[in-house]
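This document opens with one chain alone, in structure tokens, the form predicted on its own.
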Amino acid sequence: MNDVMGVIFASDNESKLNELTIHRTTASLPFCGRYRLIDFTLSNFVNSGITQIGIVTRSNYSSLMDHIRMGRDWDLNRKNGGLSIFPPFVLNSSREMYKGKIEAIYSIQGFIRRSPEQYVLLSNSNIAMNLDFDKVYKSHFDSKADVTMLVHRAKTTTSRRLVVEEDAGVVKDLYFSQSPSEEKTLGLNVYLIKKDLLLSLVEHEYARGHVDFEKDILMKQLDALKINAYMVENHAAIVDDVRTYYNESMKVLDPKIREELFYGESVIYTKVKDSVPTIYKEHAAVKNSLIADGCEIDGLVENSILFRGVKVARGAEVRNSIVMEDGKIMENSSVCYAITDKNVTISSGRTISGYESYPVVIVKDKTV
């Protein structure tokens, strides 16, 4: 896919992710023990031969910069092409950061114009999937579509998921879901479009003060453009609030989903850290859990995900929870249906318990 460049939007739905994105952007949200959400999009791009990639940030992007560095772990530290990270641009009259994808794309139009590729693959960074984009490009080219959007079948768990009505792969209607409902065809917020067409559409809508790519371009242009839907059959997850973050993380405890997500079409890469192996002490008991390297376990861990450097002391219990990097669960404490962010300490004898429908979140660096 030497004729396709990639654009990734690093910030989306921070308000719905609440405590998890106070100190970071959505793209750098930790996922499944040792990854960040952006790892999936970056890996899919690189594995499909897309090596000219721009990342548009909006706020709290220092952790993203630290994670990506020069893109070496994805083979993007190269002389031609590679990774370009764009800091927040202020374009609107109210001096605020960009409000939507239209403003974001308009702010980097120079980068897009200068790139030699003729097609642009636009993607949010909150999508966990393993996909070969060569197949998407072939489908787009063969069908002579103006826009190809990726879709999957799933339940609408939150409001404002893009619902797609299609017939034989051609999109007939688009609208936002208003409440949770049964399984539907939903957009994955990934679009393949010719560069010149994209810039023309963006300039037209930006001049009129419009900011929402889906509402102000795709929905308005349904009759004028041929928009095709490419169905993603493998596991695909959109993380857009605390509940979906928890649920999609827990799904990865299923070996079939884990295999599909990390070793399906190709390998998912992440920042390499040289950590020691996990130590399982005399009283350790681990059941159906993902344990990253560098942990020290002397208690019970069940149906949970532990990131690097987590310590679970003797007598402590961790059930149905996500414990991020360098967390400490002290003696005789209990954590159930919880998400503890980086460097969180649960003191001895404490009990932290949420609900399966809505887990409790402990923010970064806190001691409870």
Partner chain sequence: MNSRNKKECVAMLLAGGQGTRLGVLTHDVAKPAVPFGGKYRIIDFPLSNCINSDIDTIGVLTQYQPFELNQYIGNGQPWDLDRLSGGAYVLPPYVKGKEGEWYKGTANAIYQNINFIDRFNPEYVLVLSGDHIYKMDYDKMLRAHKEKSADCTIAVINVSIEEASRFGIMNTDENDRIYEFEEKPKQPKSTNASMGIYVFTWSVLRRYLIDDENDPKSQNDFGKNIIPRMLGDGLKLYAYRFSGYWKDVGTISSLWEANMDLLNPESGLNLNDASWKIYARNSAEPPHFAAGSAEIVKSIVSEGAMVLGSVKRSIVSHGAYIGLGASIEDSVILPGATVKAGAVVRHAIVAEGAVVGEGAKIGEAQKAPIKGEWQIAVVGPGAKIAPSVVVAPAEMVKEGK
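This one's a predicted model, so the numbers in the text were calculated from it and none came from an experiment. Numbering follows the first chain given and starts at 1.
Unshown form predicted in complex with its partner chain; subsequent notes refer to it.
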Partner-proximal stretch of 107 to 115, 199 to 207, 256 to 264, 161 to 169 relative to its partner chain in the predicted bound form, 4.5 angstroms, heavy atom: 256 to 264
Interface residue in the predicted bound form among Thr157, Ser289, Ser177, Ser84, criterion: non-hydrogen atom within 4.5 angstroms of its partner chain: Ser289
Of Glu233, Asp274, Glu182, Asp223, the one that lies within 4.5 Å of its partner chain in the predicted bound form (heavy atoms): Asp274
Contact label in the predicted bound form: Glu282 to its partner chain, heavy atom within 4.5 Å: yes
4.5 Å heavy atom contact, Arg58 to its partner chain in the predicted bound form: no
Partner proximity in the predicted bound form: Cys32 to its partner chain, non-hydrogen atom cutoff 4.5 Å: yes
Close approach of Lys135 to its partner chain in the predicted bound form, 4.5 Å, heavy atom: no
Site check Ile268, Thr278 and Asp293: each within 4.5 Å of its partner chain in the predicted bound form by heavy atom: yes
